[in-house]
Each structure stands twice: as structure tokens, then as C-alpha cells.
Ligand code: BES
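Before any questions on binding or motion, here is one chain by itself as C-alpha cells, the form predicted alone.
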Amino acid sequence: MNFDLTINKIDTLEANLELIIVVDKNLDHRFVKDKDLLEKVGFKGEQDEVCLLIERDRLYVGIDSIGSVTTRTAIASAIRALKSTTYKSLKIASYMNHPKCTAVIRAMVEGFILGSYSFNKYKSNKTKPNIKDILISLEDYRDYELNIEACANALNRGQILAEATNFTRDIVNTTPDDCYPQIMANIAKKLAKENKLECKILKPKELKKEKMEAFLAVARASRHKPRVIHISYKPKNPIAVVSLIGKGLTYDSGGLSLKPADFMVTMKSDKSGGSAVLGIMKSVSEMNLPIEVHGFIGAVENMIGGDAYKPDDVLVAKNGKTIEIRNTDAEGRLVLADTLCYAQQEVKADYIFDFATLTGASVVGVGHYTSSIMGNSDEVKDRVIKGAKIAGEFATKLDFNRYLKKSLKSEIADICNISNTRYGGAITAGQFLEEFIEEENKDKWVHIDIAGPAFVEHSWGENPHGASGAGVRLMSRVLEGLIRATK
């Protein structure tokens, strides 16, 4: 999509279609030109309600109030309504009287790009969005002393972030036979080359040398060899150093603790955490943020076979802790345990964030659309919650407690890879990971369980069926917030 900001009045712009956001339920706003027709068809201007008047070449979309979140979903709904049409261009007027109009412009751009996304790699008849050119009018900018440069910057960042999210969606949606650990490594190398990033790939021999035995155990039964990816963005004079760690299970059968057939479907999405890290690295580097960011991805496939790791095994993690295995389907925490240890060894970071589709318990607890946020520092967790809110992602805190932690006790090893209770599974998984965070980093680390929103089999908000790219916009907003906090 090509976006163009202009100070020309909306009525002077040439486009195939005009998109009008309706914020007044009485349809009395000056942008509304077809009140009688809208009333006849029963259009009420509810949030995300769409009405296309083909004879007038105008598309109306309702919004409860002007704001980033409401604008993003309304625009996404509008652009979806045009998928079967032949319109090539559209024009839209922005509401300049909103106190944060630059944020609204950014959300508008994100809505267009995120809402027009579709994954048709495996379709015989591939369809692409017809809308190519979008004109955004700032016709009232003089009345509100608007900074045009700030608007252009908002548009640019919105475009970068939305495209990085779609980049992540593509990786997650790709089938396991087409996206295994080596392919994830190739994607990272290509991204690094295009965006001038550093990239280091650890193969099995290096992983063995690093004593990442828990990680290697998960990979043993797969014909696809594991990889640990370290991709880095290093600007001059960074204001902070951040490490991002992603779970990259390119497929999870459950191992010998085999999943039921229905639960195996969609397990291509178990690489969502690692994919999000790649998307974040893309957005951070393209926005030229003054923050040094390191992405670590544990890419592995959990399969069955004669060499599979087993319940009753005891594995030794990179930090020397022994882990009793009672369920081979609790493999993501093993991959993250060693990858977290490696990341802390390689980089002394100010903040450490991990992303993982870690537990079904998170989905049971907070639903499909919400990420669970865990850690020891309320300040850092609150930064994540705030970033999620600005980005339009849902996130909520789950507090650690010492009573649940006792449920991970093992009689024969330092810790068990699953809890001895069925309750609080998302929290106990987070507390398991805490065992692999060095003492000096306990308050720098936050665990983000994206199992709920990462992959949903219906469209919602600005998200399509399948991968949402959860975590990309959230973390990019967190990093932008760190910049503001230092000014």
C-alpha cells in the first residue's frame, strides 16, 4: 500500500472511493454526506459497523469514539469489506481535533495494513488487496496548529510496525514442512542482511559445546536439526540494552506424551514467540530506535521416535540445574530455559523479555485474545501492560506466589518440568523459567505467554484468521516508551 498525507481538502482529492469514519451516532458530522441513505439501510454507526454505498463510491464505518484502538479496528473492518471490490484507491479525512491526532493517524495506517492481510501461500487462486493508494487529508491542520512532520513520522512508524507484524504472521502461518529450524535460521539471516543486523547461528555441535542439554533433548527425535539464532541491532550510543528471547517450536507433536489429534492441529503456531522476536527486530531496526536489541530464538521441532527424550528422564540445563521430565509436551520451557541461560551469558541487558506460546493454561485463564504477563518487577510488568494497551493488544498480569512454586518440587532432581497440580499452570510455567534467570537479572526479566492471542481460528479486531503477530506491536511500543522515559 502507498500512503500519502496531504493538506488539501478531501473534496478536492481524486480517488475511486471515499472512506468516512462516523463518530456521531446521529450522523450529523460534516463528513457524512448520505444521511438519508444510511438511515434507510439501518446504518447506526456502531463500532466497526460498515456500510458501502456503491452508487456513491463511499464507504462508511462506525466508531464509538476517536482513539487509537477504536480507529485501528474500524479501519481494519472497512478494508476487509473491500476485498471483493475492484476499487484501487481511496481517500479519507483525519479528525484533527483529537488531542492525539498523530496517534490516530498511526493507528489508521496500522488498521489499513493489518486489516488487508491474508495468507494465501497455499491457495491455487491467490488474491491480493485491490486498494493500492490511500490519501489521508489533513485539511484542518491549520486550525489545530498540527505538526505535519509529526504526522508523517506517525504514518511511517505505523507502516513499519504493521508490516513487521504481517512479516511475523507469514512465518507463523507457514506449515511445519516448509518452516523448520534451518528455515527459521535462513529467515533470520535474510532479515539481518536486508536490515544490516548481526546474525549468529548455533548448530548442534555449538549447542553441545554450550551444554544446552535440555534444549538438545527436545530436538533429538526430529530429522530437522535445531538452531539457536542470535540476531542483533546495535545503534551508536544506545540508551539501553534489551534482550528478547523467543520460543521457536516449529512444530510440537507433544513428543512421547503425544498430543490428541485435535490438539496437534495449529501446532505450527508454536513458533509464534520466535517469530515475534524476528518481527520486533525488523521493526526496531527500520525505526532506527536508539536501543541496542538482541533477539535470541530457540528453534527446534518436538517429535517422536526411538531417540525421543522420555518421561522419567533427568536433563541437565546449561546453568547446571537438573530437570525431572514428567511430560514431554512441556518442552517449550526446556527450550527457553537453555536459551535464556545462553542469552544472559552473551549479553548484559537492562531488560530481558521472553515470548512464548507456553501454556494452554494461559488460554484457559485469560482467553484467546490476551497475553499473560509474569515476572518479579511490577515496574517492568507495568511497562509491558502499558505498551500492550497503546498497541491495541490485550495483556494482563499473573502474579507469582511461593505456594504454587512448591508444586514444581522434584524428589529426584532440582526441579520438575511440570507442576504436581493442574491449577495455575501458566504461573507455574513462568516460575519454572525464573529458575533459569540469574539473580542479578530477576527484576529485569518479564515472561510473556502469548498462547492465547498468537493464533486464533477466526478474525477478531484487526487480526485475521490464524496468526496475529502477537507481541510485535506490544514490544515495539514498550521500546518506544523506554526512549520517552529517558528524555
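Residue numbers here begin at 1 and follow the sequence given. Since this is a predicted model, take the numbers as computed values, not measurements.
Form predicted in complex with this ligand: not shown, discussed below.
Three-residue candidate spot A330, R333 and A451; every residue lies within 4.5 angstroms of this ligand in the predicted bound form by at least one non-hydrogen atom.
Interface residue remark: I418 is counted as part of the site for this ligand in the predicted bound form, having a heavy atom within 4.5 Å. Interface residue remark: A361 is counted as part of the site for this ligand in the predicted bound form, having a heavy atom within 4.5 Å. A residue is said to contact a partner when one of its heavy atoms sits within 4.5 Å of a partner heavy atom; R169 fails this definition for this ligand in the predicted bound form, lying far away. Looking at E393, you'd find every heavy atom of it more than 4.5 angstroms from this ligand in the predicted bound form.
In summary, the region of this chain contacting this ligand in the predicted bound form, judged by heavy atoms within 4.5 Å and restricted to 351 to 359, 374 to 382, 195 to 203, 213 to 221, corresponds to 351 to 359. Of the residues L155, A413, M267, V347, just one reaches this ligand in the predicted bound form with a heavy atom at 4.5 Å or closer; this is M267. The partner is absent here, but in the predicted bound form a heavy atom of K259, alone among K259, K389, K225, K321, sits within 4.5 Å of this ligand.
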